[in-house]
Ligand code: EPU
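There is one chain below, alone, in structure tokens, taken in the form predicted alone.
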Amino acid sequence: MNTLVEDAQAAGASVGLTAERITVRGGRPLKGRIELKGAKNLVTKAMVASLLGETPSELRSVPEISDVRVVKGLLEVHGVKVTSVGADTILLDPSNVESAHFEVIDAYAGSSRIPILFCGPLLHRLGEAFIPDLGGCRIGDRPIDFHLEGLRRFGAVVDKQPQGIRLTAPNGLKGAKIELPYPSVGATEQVLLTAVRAEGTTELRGAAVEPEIMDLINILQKMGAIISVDTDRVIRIEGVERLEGFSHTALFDRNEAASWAAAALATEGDIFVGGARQSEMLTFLNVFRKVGGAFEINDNGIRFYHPGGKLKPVIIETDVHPGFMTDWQQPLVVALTKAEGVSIVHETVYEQRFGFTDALVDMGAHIQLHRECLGGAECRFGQRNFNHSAVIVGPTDLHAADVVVPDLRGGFSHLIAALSAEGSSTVSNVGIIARGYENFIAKLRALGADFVLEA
């Protein structure tokens, strides 16, 4: 057991903070081409979905990121055989699913929150599941109440223990009527992964309908699930007794695409993002154009570039799909420091997502945070004393500083800031960026960035 836990801790640690740091000599435009693979927010969930099948699954366009490695480890300790085929394809064989010791689950999970989504599939396959204490990026509370309440509605028994939460289903899982108070992506995924093999019909109201959710539905339908999606955020799932494995190519990572687009704008660069598609990025593309960025779309990807001239201030409110994604605002804020005038970003999804701006202020940005809902309608954080609105006054020339990565998107934003600033900046704990950006160091080199990576 000790060896298993030590191996798991070594794998799980790759998701959390690391000692790696990068010294960036900024002021050079990023120019060149990078290629995207599958979305982190789809690939990891597709891997979990393989637990539901009675036969092996094949998943293509799998990025080499630490979150994928963590889910692979969690699947393997539950008896799933995961085999790599070529550069970006994995085979997942769930023929021998088994229970795992809580210490091994906890160690493999590291700071990832993915174990919560194992619950439904494991309850169907084994009749029990265990959730350790959950981590994740420090961007807000992100409670698992939605998940647990949904599982209770299906008939799961939730037992809170010192080491975590144990779930059982002594009478099996039954279809249920569930209404989410907020279109939570994670809770929607939980319901989908649980309902497809629950007895009877499940009706989910207030569901999230992000492209990654729709691609997960595509996968489940390939496996034999019966799922319909209405235009009013209602998803209906008719449970089936058996699901087969799937063969699927994952949707591209639109969050990574937007991050590189923001990097092109902030550094006055020109980046072709191979694999990016217009349809999933309509909202981002509109804002990118309003700020003063330019793009060209073709069948192979999207070229993002700074066309010259002055950038313009904008007012942005993040929202669930089809709104402006919360993961898009952090990289774009760096570019907004160079816009002439006052920009406002109102964050309505996570209540503590502006912590990354402290480093930008240290680098010379003029950013003020406010508790009020600025820029439009009130949101659920308006009366809760959270700094969830940011006012950015520009243009400012960022200067070098030493910064520490706080979370995944904030960390990439710090990299963008360092790349656009004059002088040499040191960005510490860059390992956390590898949670969602595949080979970002190699991509920076390909785009002409001037830096030194230190272990």
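Note that the structure is predicted; figures quoted are calculated from it, not measured. From 1 onward, residues are counted along the sequence shown.
Keep in mind that the form predicted together with this ligand is missing from the display, and what follows is about it.
- The stretch among 40 to 48, 398 to 406, 56 to 64, 421 to 429 whose residues place heavy atoms within 4.5 Å of this ligand in the predicted bound form is 40 to 48.
- The partner is absent here; in the predicted bound form, the one residue of Val185, Cys379, Leu167, Val287 having a heavy atom within 4.5 Å of this ligand is Val185.
- Arg113 is the sole member of Arg277, Arg153, His306, Arg113 with a non-hydrogen atom lying within 4.5 angstroms of this ligand in the predicted bound form.
- Looking at this ligand in the predicted bound form, residues Phe146, Asp327 and Arg353 each place a heavy atom within 4.5 Å of it.
- In the predicted bound form, this ligand sits beyond 4.5 Å of every heavy atom of Leu251.
- The closest non-hydrogen atom of Val349 lies within 4.5 Å of this ligand in the predicted bound form.
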